[in-house]
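Quick heads-up: it's one chain on its own, the form predicted alone, in structure tokens.
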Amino acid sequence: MKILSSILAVCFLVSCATHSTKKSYNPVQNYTTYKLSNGLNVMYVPETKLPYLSLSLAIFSGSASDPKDYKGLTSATMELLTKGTQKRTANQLNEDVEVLGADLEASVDKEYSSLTLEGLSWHEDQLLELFSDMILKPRFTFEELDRYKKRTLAQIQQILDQPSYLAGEVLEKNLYSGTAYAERDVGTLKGVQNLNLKVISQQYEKLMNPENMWLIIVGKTSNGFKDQIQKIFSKIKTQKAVAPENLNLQSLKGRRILIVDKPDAAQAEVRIGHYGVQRDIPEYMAVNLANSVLGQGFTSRLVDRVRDQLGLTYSISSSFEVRRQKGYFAIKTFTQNERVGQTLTEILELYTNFQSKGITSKELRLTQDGMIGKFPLLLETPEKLAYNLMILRYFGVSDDYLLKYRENVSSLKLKDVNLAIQKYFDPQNMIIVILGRRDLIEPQVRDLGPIEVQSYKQYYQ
């Protein structure tokens, strides 16, 4: 779904209006939320300037809730919602979407799923009928499931051939080993092959829990639209929600180096990761600012040192993957196989210095200005406002995060930011993944920590 995928892209807000807080600024306005009689949450953000209408159903269950033998079940279920209803074949559904000039998208992540239909508000009735037909009266057929399985199995093979993707997957698999969070959202080869219509139908019933969903409406609507929403979507009956497993992760101890041997690799992909932060920690804003200094943008320390000064890579960044359950922090880059040792040494030295000494008052001031200065751009349209409001509800955070954003960023003290760095950034306990040529890489990194070697083929599952 465009709304939740976009919100997660900005959930660790690294940008945001001017440093002055003298003028009143309220970015959270002109929207309503309400509940239907069955408990389904609805958010409406009006758009008065453009003839635009977006309908999105956000479900707070995702691939992490897939059963052990059916990895990829949630992704398949959501995608098949777009492949036919009780009165429309897949072709008829596609034709109806195209005739309206609309966009249809299904999306699944670890902890959420979504379905979005966007079009012109002139076609309000047709869009609503089409959207509700997919959600309330889907038809899962053997033919469409078979097509989905063939297409997805080919897709899995294709993405595994992308070194950048594979390196990131290896890091997640090792951070979350033994849990559902270690599996890719689209599923495993075996899990997708195991899918059948019975488990698809069962998963659909579990996902359609109004108490675990939000209906997000953005755009122009008629006066009777709210009544139509109540009439149509109150028909969804409360089910037992699909819940992901509770993570019980062991703390990382020391630096673990994992070389994933790919003899034909033209260059090496490098990922450095450890467990991250919870979204509701008091220091969230300080950690966010600190990460901007470390690895976000062309003025960050990692880019300045590793890319600009030493020319070891074209791209390097750091980020936090924030989830309802424990997310993770990662540094991502690539370099020549022959220069992995130098690149890692520089990154680890810089990261260690960053954690022990913190940032400077100049870095604090410049980053505050940048975060505040870009903030209104994230809320300048009704759709962007909806994105941010939904991410707050997704993580159970008050709207005050947006209302008081400028003053909270401005009030951050250097001491508080550096204390947060010492607490949440951990250069001593991490997993280092290097995907490339073992024969060239291993001699370069022997002094950096214990080494484990694996073949890239073991991840082709």
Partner chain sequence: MKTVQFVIAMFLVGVCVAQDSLSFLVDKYKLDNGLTVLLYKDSSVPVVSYHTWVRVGSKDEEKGYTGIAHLFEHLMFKGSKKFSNKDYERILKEIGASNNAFTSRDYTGYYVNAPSEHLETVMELESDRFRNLILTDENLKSEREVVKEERRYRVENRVEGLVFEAINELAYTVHSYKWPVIGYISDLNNINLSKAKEFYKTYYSPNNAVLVIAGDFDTEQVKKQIKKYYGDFKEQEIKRPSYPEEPIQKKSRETVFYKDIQSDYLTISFVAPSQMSPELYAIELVGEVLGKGESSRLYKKLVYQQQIATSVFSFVMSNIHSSMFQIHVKLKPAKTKADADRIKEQALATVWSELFQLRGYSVSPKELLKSQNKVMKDHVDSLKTIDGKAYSLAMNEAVLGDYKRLFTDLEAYRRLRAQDLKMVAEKYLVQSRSNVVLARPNKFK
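Only the largest set of C-alpha atoms that superpose within 1.5 Å between the two forms is called the rigid core. What you see is a predicted model, and the numbers here were worked out from it, not measured in a lab. Positions refer to the first chain, counted from 1.
One more form of this protein, predicted in complex with the partner chain, exists but is not displayed; see below.
Looking at residue 51, you'd find a heavy atom of it within 4.5 angstroms of the partner chain in the predicted bound form.
Taking non-hydrogen atoms only, residue 131 never approaches the partner chain to within 4.5 angstroms in the predicted bound form. Although the partner is absent here, residue 191 is not a contact residue: none of its heavy atoms lies within 4.5 angstroms of the partner chain in the predicted bound form. Using a 4.5 angstroms limit between non-hydrogen atoms, residue 296 touches the partner chain in the predicted bound form. With the partner removed from view, the residue among 257, 265, 287, 186 that has a non-hydrogen atom within 4.5 Å of the partner chain in the predicted bound form turns out to be 265.
Proximity to the partner chain in the predicted bound form, taken as a non-hydrogen atom within 4.5 angstroms, holds for one residue of 147, 357, 231, 137, which is 147. For a residue to qualify, one of its non-hydrogen atoms must sit within 4.5 Å of the partner chain in the predicted bound form; all three of 99, 373 and 377 qualify. In plain terms, the part of the chain that comes close to the partner chain in the predicted bound form, with a heavy atom within 4.5 Å, is 90 to 98 out of 90 to 98, 175 to 183, 202 to 210, 318 to 326. In the predicted bound form, 365, 366, 367, 369, 370, 373, 374, 376, 377, 380, 381, 383, 384 are the residues of 365 to 400 with at least one heavy atom within 4.5 Å of the partner chain, listed from first to last. Core-superposed comparison between the shown form and the other one: CA of residue 62 displaced by less than 2 Å.
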